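Before any questions on binding or motion, here is one chain by itself as structure tokens, the form predicted alone.
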Amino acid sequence: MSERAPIGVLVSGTGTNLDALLQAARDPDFPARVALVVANRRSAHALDVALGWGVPAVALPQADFGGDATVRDREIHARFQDAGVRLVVCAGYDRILSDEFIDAYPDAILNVHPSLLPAFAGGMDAVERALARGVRVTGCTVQLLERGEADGGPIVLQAAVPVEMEDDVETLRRRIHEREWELLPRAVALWCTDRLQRDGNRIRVLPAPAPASV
């Protein structure tokens, strides 16, 4: 296959979605490789996940940049440029990226969110809000990030997750995570094989090319 696309992953927490990506990338036919992981917290377990897979990882807390998010995002961009990153993946990243950073990667930032967007958009408490609202179905979404409303970019993939009467936040979050671990690698693969076609705020998933005849 052609050279695999280098991707940069932004993380904040435990790194389960990062681990799912790295698991997928073990397959030599997966069209992407994780080139660099950046965390906004030194305590993020995702850094240990990356290092366990032998993937370069660095923590860049906003406090190290005088509390200026734009300056920190410029440093992230510089690190990603040095690593040759073509696609950015927000895998449980709990900071809003600057417009300047988003402009540097037009239609090339994938974000995973634990709800069926546009429901429960914004913030990191979508699972809690779904339970409090009493919805019967929630889920997860992979979207392309763009300027404007948080979690308001075009939707790439979604998966529904039923809400059971006995669910609490942890049980529901776990089942949502399990679907995220499926959707995120698939979305990355679609992007890296040019199978996502944008038409305004809608994304069409193009069919896989037919295998070459022999």
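On a predicted model such as this, the values are computed, not experimentally measured, just so you know. Residue positions are given as counts along the sequence shown, with the first one as 1.
What comes next is about the form predicted together with a small molecule, which does not appear here.
Looking at the small molecule in the model of the complex, residues M124, H177 and E180 each place a heavy atom within 4.5 Å of it. In the model of the complex, the small molecule lies farther than 4.5 Å from every heavy atom of V89. Not displayed here, the small molecule is kept clear of L110 by more than 4.5 Å at the level of heavy atoms in the model of the complex.
Within this chain, T193 is remote from the site of the small molecule in the model of the complex, having no heavy atom within 4.5 Å.
Contact annotation: Q23 falls outside 4.5 Å of the small molecule in the model of the complex, judged by heavy atom distances. Residues placing heavy atoms within 4.5 Å of the small molecule in the model of the complex fall in a single listed stretch, namely 112 to 120, out of 112 to 120, 97 to 105, 129 to 137, 74 to 82.
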